[in-house]
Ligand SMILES: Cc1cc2nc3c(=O)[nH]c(=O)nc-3n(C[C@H](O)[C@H](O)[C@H](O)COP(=O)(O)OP(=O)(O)OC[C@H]3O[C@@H](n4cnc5c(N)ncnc54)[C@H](O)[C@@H]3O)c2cc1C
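Presented as structure tokens, the chain that follows is alone, the form predicted on its own.
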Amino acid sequence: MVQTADAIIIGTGVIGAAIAFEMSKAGWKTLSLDRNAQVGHGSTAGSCAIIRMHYSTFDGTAFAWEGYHYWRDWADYLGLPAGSDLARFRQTGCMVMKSEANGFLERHMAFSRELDCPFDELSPEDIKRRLPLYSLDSFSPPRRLDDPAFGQPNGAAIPGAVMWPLAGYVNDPALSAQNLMAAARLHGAQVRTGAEVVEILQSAGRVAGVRLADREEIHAPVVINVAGPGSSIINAMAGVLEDMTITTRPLRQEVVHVPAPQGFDFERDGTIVSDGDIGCYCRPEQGNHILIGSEDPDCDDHDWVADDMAFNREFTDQWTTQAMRYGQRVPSLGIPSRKRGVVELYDASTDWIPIYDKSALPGFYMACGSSGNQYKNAPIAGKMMAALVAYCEGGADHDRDPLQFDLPYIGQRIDSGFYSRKRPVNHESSFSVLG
């Protein structure tokens, strides 16, 4: 007997699980499929899970500011039984260094001001009071280790920063996806792990379900691609690439974990820092460690991979580069001989803004190109995708008349066509993990 569902959701990362939760709450009989053995164990498990509000576009800022509120109210949002093991949001604030390259954050502050999102401007003295281990010498532009000028200050200094005090991070990103799926199950959602999709079935000009690697067919009139770094493969299976101006592909990334310097409790007193001057961001990590990621400076080659399952999972010189760049800002940083951290993939879109959209194949939807900067938006992305599917399946033409979607916490309405697969490349984007 062939299994059926109202909607098949491919992927149980944090966004896929959020879509399952929102759709099941709305009455859809959902079935989530994932080739991994556990929910949340794809790229979500390797996420830095930063919850921040600053983006390079107004729409991105509004979406992230709305998204913060669900993490703040995580237990209430989920509605799981008392005593459930929940991921925890830790509010640390996010400090962003001002630079000429980011326009001294004038646009970011203007967006936050318009949205009533709190922020504070910091002087260099304020930065030093908050992070006394920091040097404020400028090293811009970021350089490779083999550049003779690497590590040499350029004679200028960091002119200040902007702090978004409500920002923070989630302590266990995989658990957050598992929380969402557990909440979805309370509303009747089903999930199957170890289930690899190898074909998108079609009938009478629309999607009809999927075929798995073991040849089993599962039938559904709606299929949603939330496959993370595998999203481009799923889109190709569905034959929906032709009308897409924005596409996705997997990008290999390395994240560095190093001990905080002695004498400063970075886990307790540190903050998230975005520092374009050295091309790195950081956040506190358990055990008084510092997690260091790349902001994709121009000097670094992008490591695009052809196969989202078979890629180099070992650390490379990029690990050392990121650690040494951060060492420019923190001269007392010790860089251990044993490399620790995470090697994972982003599902990066052409302009690093995600695709939340229908496709050219009726019934086939996409929530992809989200890695690197959309973890924080998972709950509101889940809500918007549930609304989008209902809108389109109700007969609306989303390409012609995009869904106008309300952000309930912040009282804003956004045009979800901003996330269209057919949009022009958005040149307001940072074209990086910053979004």
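A residue's number is simply how far along the shown sequence it sits, counting from 1. These figures come from a predicted structure and were not determined experimentally.
The same protein also exists as the form predicted together with the ligand; that form is not shown, yet it is the one meant from here on.
Candidate site formed by D351, M366 and G382: none of these residues places a non-hydrogen atom within 4.5 angstroms of the ligand in the model of the complex. Among the residues E121, E267, E217, E196, the one placing a heavy atom within 4.5 Å of the ligand in the model of the complex is E196.
Residue-level contacts in the model of the complex: of A227, I278, M181, C94, one residue has a heavy atom within 4.5 Å of the ligand, and it is A227. You can rule out all but one of 22-30, 387-395, 366-374, 403-411: in the model of the complex, only 366-374 has residues with a heavy atom within 4.5 Å of the ligand. Taking the partner from elsewhere, G67 is found to have every heavy atom lying beyond 4.5 Å of the ligand in the model of the complex. Looking at A49, you'd find a heavy atom of it within 4.5 angstroms of the ligand in the model of the complex.
Taking the partner from the other structure, the ligand in the model of the complex has a heavy atom within 4.5 Å of a heavy atom of L345. Proximity of I234 to the ligand in the model of the complex: non-hydrogen atoms within 4.5 Å are present.
Contacts with the ligand in the model of the complex, taken as any heavy atom within 4.5 Å, map within 12-40 to T12, G13, V14, I15, G16, L33, D34, R35, N36.
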